[in-house]
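Same chain, two forms, each on its own as structure tokens: structure 1, then structure 2.
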Structure 1
């Protein structure tokens, strides 16, 4: 087996040192603390700065942990807490609705499925945990677009892929759909991502009411939209009740 990579070990040591510190540290302070040459320390810091893991204060020239690294850490904690809090409610929603349940969070302009409960029947199904879904063609994605400005910003100006003839691919159509989500508090899609399939989603909120993800059910369009293309409102209620329950467990309170 190959050994460890020295430059990565040194970069990790610098990040740990910055994380322990109460303020910013200069190149000299870092090199002295870790026993590294100043040139080596500066080169590693420059690389870490280029990828957003550290930031340099323009006035003092000293370094601190960068926003990108902090965001990665926060995202990891949020996702794991979200998943642990949501497991029981997701299982209950699958049992009550008879449909598959997915929980998603934003990642690089898409929806990352962080938890998936199979439809409670004997049909052959594929686990979707870890899958990336398009935001413009799924109910999970529309919820995140409606409540997360960062997701909307990443999609701005992008070419929207058409998955079916019902996929919303114009900015005007998508803006209208997102506005409806904000008005009703839930999102739906019928055959926009896959023919014959539909989904219904609602936001999951954390402390302060901030939307940290979304929960959805997904299944046959005939079951979710049974009456002339109209959604089954009882299923919408099931999804919203689950989203509120998870949000309360995450500290969102009432909204």
Structure 2
């Protein structure tokens, strides 16, 4: 079969074997069944484990199919479904925080706004559902960068457009910001996209804990970062509470 990659064929064979078997299998059993050298089998298993397609039982050292693989077909969440499921919590977040709320999902290296709730001051505002936002200059985008490897991959090598003098335009600066997001569980941005504006976001997790999107509040930098550029911690808590409530409703479990 010209053009086929041998190691992928072998990986597929291992996955089929694990799927067929009633329980867990050891490296020896797998290599014997497939007629592979033990070292080769071990190498492939190690890679499959890294991507979450197989798991190794700590006690017995045996292998089984991983949760990532099991959810591969079901982790997809329709964006309109996401809006329906999140709408109540997004409303509550807007009324608690007094700011506009957006929910974003990744699309071709950008953030697609799938839901938008007006700032509750009854001023004239326009729905921007369906618009695309830059990943590197928004809190929504930084959350997606931090938790969605696909987004990070799509951004690699792209030039980071400078929107304000605070926009993070070097890969190093962005990497640092993203590492912080992973550590704290939320992302912030003060005047990195538009002068006078700021945003705060947290991840929305779907079934099994996968990040399916992010929820943010956005508004005047004076309100979100009131004292000497320091974030209003109570707003961060509101955003995180909303993201957790939505994640729970989506079946994310312990998040």
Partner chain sequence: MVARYVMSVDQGTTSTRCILFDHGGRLVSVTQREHRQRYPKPGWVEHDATEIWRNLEHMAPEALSRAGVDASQVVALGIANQRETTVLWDRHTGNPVGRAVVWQDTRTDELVEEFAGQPGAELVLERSGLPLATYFSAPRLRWLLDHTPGLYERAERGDVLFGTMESWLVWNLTGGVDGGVHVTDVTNASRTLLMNIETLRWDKDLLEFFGIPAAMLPEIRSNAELYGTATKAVPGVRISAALGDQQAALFGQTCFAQGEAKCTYGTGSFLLLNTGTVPVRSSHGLLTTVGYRIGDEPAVYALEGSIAVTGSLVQWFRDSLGLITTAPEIETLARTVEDNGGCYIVPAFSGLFAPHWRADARGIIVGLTSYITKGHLARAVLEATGWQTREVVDAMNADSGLELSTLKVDGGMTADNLLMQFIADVLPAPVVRPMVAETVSLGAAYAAGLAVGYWPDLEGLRRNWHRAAQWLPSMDAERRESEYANWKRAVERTFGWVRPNHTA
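This one's a predicted model, so the numbers in the text were calculated from it and none came from an experiment. Here the rigid core means the biggest group of C-alpha atoms that line up within 1.5 Å when the two forms are laid on top of each other. Residue numbers count along the first chain shown, from 1.
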property	result
Structure identified as the form predicted alone	1
Rigid core fit then residue 236 CA moved by 2 Å or more between the two structures	no
Rigid core superposed: residue 245 CA moves 2 Å or more between the two structures	no
Core superposition result - C-alpha of residue 32, shift between the two structures, Å	42.7
